[in-house]
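Next up is one chain by itself, shown in structure tokens, the form predicted on its own.
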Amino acid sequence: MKYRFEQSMRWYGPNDPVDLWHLRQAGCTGVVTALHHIPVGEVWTIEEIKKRQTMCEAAGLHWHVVESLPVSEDIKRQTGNYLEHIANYQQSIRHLAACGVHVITYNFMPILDWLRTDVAYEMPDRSRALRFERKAFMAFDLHLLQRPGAERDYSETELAEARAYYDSMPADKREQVFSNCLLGLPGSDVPFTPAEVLAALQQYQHIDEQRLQQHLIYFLQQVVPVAEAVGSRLAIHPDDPPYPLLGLPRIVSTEAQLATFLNAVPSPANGLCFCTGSLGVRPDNALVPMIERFADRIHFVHLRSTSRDAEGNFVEADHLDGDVDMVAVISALSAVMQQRRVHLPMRPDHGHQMLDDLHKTTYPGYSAIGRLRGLAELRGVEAAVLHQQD
């Protein structure tokens, strides 16, 4: 028997413009979703979990991965109601397991879940992609947000480049960059003011990388035994982008950082969502050796590629292009599955907005056709890899 990816796509729930039937037509058997309507820190009830399962099953799909069961800012900072939130997190794990959902994705990124300066960057073929432009981000940080002390994070040359970039931006471009940079904020379908963002950043003023790492390990020490007891697996998503931004520490960006918290809580239930797009932005992350090193702790896979340059810019590439050697990655992951005798859940992460989807409004990176193309390409690579293994 050959072990292969369980193919899925992310679905944002009843308000997602991409229908569940579209996912099934793309070849998916599973759904990656979450209960986004439940406030962060509250318990996911069995009733609400089953409602979502019923929606998936009505389209002939099953809900096999949670993405994400969010970790509250109180837990990350160890302030306020963090002990209550941890207890609620434990109960949500139990409820998901009781309903048969055993893979739970989460992240430990302070405030922002992800950051891009352009969510509709036009590619040479006129499809649209997500892009991070460092000069645009510096202009946002220094001149749009005006974060106190931001100038200490940049060289004199970068400060001059950011000033020149900001001065060249028309008013509508400034508004767009500001909005794009904050789309990773929870609840960012409503506009945030600079004052609100700065207030949130202020709450992390005394939390450095070491302290945030300690808070992650403490959180894992509380929730991993619960996951282990009910047969579930936690899969942390890497930082996106995988380096410090806005003065906030990042602790899930490098191979060494991953090893630190995996070794600190050495349970099979404490694992990774291996995202080739996020980790691949750093040229010092060697993806295949990382897969081999953490083979037993990979519980969920995001496959995508980015193209980066020496200036710190990157753009979401087609799934088989860019700087990620996707054939080598899939070969390594396939070997892991044969060795472990498991089918790892996988989804094509992000996709270009293209064809008819160019005229639709969808979540950035989550239009249907671009992801369908990505899944088809990835499925083809896996089929070829499995054929070579015969």
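Quick note: we count residues from 1 along the sequence shown, nothing fancier. As the structure is a prediction and not an experimental result, all values here were calculated from the model.
Missing here is the form predicted together with D-mannose; even so, the following discussion is about that form.
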item: Location of D-mannose contact in the model of the complex, chosen stretch of 102 to 110, 135 to 143, 172 to 180, 80 to 88 [non-hydrogen atom, 4.5 Å]; value: 102 to 110
item: Selected contact from 294, 261, 165, 114, since only one has a non-hydrogen atom within 4.5 angstroms of D-mannose in the model of the complex; value: 114
item: Heavy atom of residue 347 within 4.5 Å of D-mannose in the model of the complex; value: yes
item: Touches D-mannose in the model of the complex: residue 362 (any heavy atom, 4.5 Å); value: no
item: Contact of residue 371 with D-mannose in the model of the complex (heavy atom, 4.5 Å); value: no
item: Touches D-mannose in the model of the complex: residue 299 (any heavy atom, 4.5 Å); value: no
item: Residues within 4.5 Å of D-mannose in the model of the complex, restricted to 352 to 372 and counted by heavy atom; value: 366
